[in-house]
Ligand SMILES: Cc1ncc(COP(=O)(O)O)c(C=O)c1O
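Here's a solo chain for you in structure tokens, the form predicted on its own.
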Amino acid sequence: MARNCFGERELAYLRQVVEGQVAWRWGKSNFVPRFEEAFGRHLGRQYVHAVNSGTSANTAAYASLGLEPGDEVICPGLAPIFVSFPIVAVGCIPVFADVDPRTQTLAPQAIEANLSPRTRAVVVVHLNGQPAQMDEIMAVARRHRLKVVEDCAQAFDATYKGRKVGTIGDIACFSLQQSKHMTSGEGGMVATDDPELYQRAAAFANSGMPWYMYDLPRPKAEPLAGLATRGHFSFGHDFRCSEFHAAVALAQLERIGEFHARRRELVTMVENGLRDLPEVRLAHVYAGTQPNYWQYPVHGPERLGRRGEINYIEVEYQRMQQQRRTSLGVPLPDHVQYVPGLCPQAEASTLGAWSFFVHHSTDDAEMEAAVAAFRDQVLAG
């Protein structure tokens, strides 16, 4: 998988970090702020903060919303666990809503079906690189005064009605894990146009120290009883991104066009190789959207079995269900349940689900073999 991921540009930038002998974000080489500014320009958002993983980006994004312990955050029942666990990590309660089975993205009507007086936010996951139905989702969110977090870990540069995902909701999070559209091995980004959300996210990711970019003012702590303080103004974690990671990420961003082009070639290979099979449904694309696939999803016959990440059936959620409290000890209200059948469309959509890894490091022979193996399974039935 590492083949064709990294090259001379990444090595050249890494060499600058090594020669500069300072590897944290405030060092002489300053690759982290360079990457943040370049990513903001590329995406079209004013404020970007780089962190050490996609999960950290989710956590910082949730922390930016000013949520209180016990607040509820609606998220899709089918998504990577890295979407819902950070909700628990900030002291809140994940409430799982059903999905559109055609795309496995959050169904707008399922949001209102899961509202309570404690609902404060909605997390939208652009799963597999297909943008969710953002107009409808945003209309529901605005009607009920909910913040919207876009999880774009699998959908970098996908577009919804001409807008890049990550520029529609209040705040967005991205991943730089190795399987993603661009990578520094691990890493993540938070992006927003709201300076207050940016400031909260950046402080949370820096143990509560408000070391902001973009010329935003930083508060100062006065000595107490003659004792100096570093100025931890709020609770937080150390999610800082290193110069090594940012150097590679900047190089990857500068190469993103070639990566996208290769993914499109691989998607075409999958579609051409399967479109003649009546038992196979190719990826559904909403009108006005341009997916940028992380994996290319298809649905085959039910005999292929089930594939998909239903969060609430995971062992830890079953422990929460049994003990009626989250992993941090926050009590679960009666209307929050983590039981099979909670999101029937999400569960049903896993039957016959399959996906093809269309990472730009995949060569033609690998993709041809994967398509042929899938065809054989379908035709063998």
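Just so it is clear, the structure is predicted and the values come from calculations on it, not from any experiment. When you see a residue number, it is the position in the sequence shown, counting from 1.
FYI, the form predicted together with this ligand isn't displayed, but the following is about it.
Think of it this way: in the model of the complex, this ligand has a heavy atom of just one of Asn311, Gln104, Gln154, Gln252 within 4.5 Å, and the residue is Gln154. Only one of Gln130, Ser175, Thr192, Ser184 comes within 4.5 Å of this ligand in the model of the complex through a heavy atom, and that residue is Ser175.
Here the chain stands alone, but in the model of the complex its contact with this ligand, taken as any heavy atom within 4.5 Å, falls in 54 to 62 among 314 to 322, 54 to 62, 41 to 49, 345 to 353.
Contact with this ligand in the model of the complex holds for all three of Pro80, Val83 and Lys180, each having a heavy atom within 4.5 Å. By the criterion of a heavy atom within 4.5 Å, Ile171 is excluded from the residues contacting this ligand in the model of the complex. Taking non-hydrogen atoms only, Val122 never approaches this ligand to within 4.5 angstroms in the model of the complex.
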